[in-house]
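Presented below, as structure tokens, is a lone chain in the form predicted on its own.
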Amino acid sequence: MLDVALHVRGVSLAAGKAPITQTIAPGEIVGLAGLDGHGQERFLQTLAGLHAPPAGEVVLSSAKGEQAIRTFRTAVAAGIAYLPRDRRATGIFPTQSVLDNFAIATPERDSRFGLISFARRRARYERYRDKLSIVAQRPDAPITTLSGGNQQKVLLARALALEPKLLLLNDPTRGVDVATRHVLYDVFRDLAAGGMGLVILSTEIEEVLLLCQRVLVFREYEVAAELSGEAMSADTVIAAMFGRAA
């Protein structure tokens, strides 16, 4: 069981904006919502070390102590995995195979005595293929031969192969079919049940309500509302997006 928490302490997403203080607990799924361009994506990227805030800090804590997240490299080293929104532009390597796209972030897992074991690489891939129900005729086929949903599963497999302690998901079901959505939902719930914290930014309110224990609604680069329990509904999320009371 993982026992790792992420602490956001006094982080401002832009100059003059109210600071944000939050904790993502082990096994918690936290949703991010808001009108496009109102700060939720910048917040997620800040957690991933992709954006340096003008104030505040992000820290991953465990029994071993605290690790400050200042860059993407320190985030990955600390155990944070990030799944980007636009898989075509910033996710897949379109000229590479399914197997290479899976393994590109973890080549050291396939190395022995300085040599790459392709059998070990394929065996690793097959474990995640089965877990995520990836449909690909051949692992050496170009990743562009896969459907959008299966490309997304390969990217998720790549992230999970890092064995992260925290998973950050930027609109993870964007452009995928209904069947793939439900596979991904089950995977996310299983990860949380195992103690992993997840932060999910979604442009679909119903998805946030379905998956998350609480939701942070962003407006003008600030957290306009933090909703949980019975206060979480489509009406309250939409109202917060527009700066109104539900």
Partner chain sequence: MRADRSWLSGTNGRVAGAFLVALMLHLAGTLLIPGYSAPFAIRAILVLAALLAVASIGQTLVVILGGIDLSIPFVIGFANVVAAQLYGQGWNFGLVCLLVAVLALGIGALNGLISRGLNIHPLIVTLGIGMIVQGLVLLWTKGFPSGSAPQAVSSFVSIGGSVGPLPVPWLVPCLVVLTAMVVVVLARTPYGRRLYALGSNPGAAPLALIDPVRMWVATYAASAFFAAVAGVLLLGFTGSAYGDVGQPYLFQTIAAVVVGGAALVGGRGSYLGTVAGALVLTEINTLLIGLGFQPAAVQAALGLIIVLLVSLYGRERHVSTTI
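Positions refer to the first chain, counted from 1. In this text, all values refer to a predicted model and were calculated from it rather than measured experimentally.
Omitted from view is the form predicted together with the partner chain, to which the following refers.
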Segment assignment from 83-91, 126-134, 146-154, 171-179: heavy atom within 4.5 Å of the partner chain in the predicted complex
83-91
At the 4.5 Å heavy atom threshold, is V76 in contact with the partner chain in the predicted complex?
yes
Does the partner chain come within 4.5 Å of any heavy atom of K165 in the predicted complex?
no
So in the predicted complex, is the partner chain close enough to A141 to count as touching (4.5 Å, heavy atoms)?
no
If you check in the predicted complex, is L50 within 4.5 Å of the partner chain, heavy atoms only?
yes
For the stretch 32-47, return the residues whose heavy atoms include at least one within 4.5 Å of the partner chain in the predicted complex, in the order they occur.
none
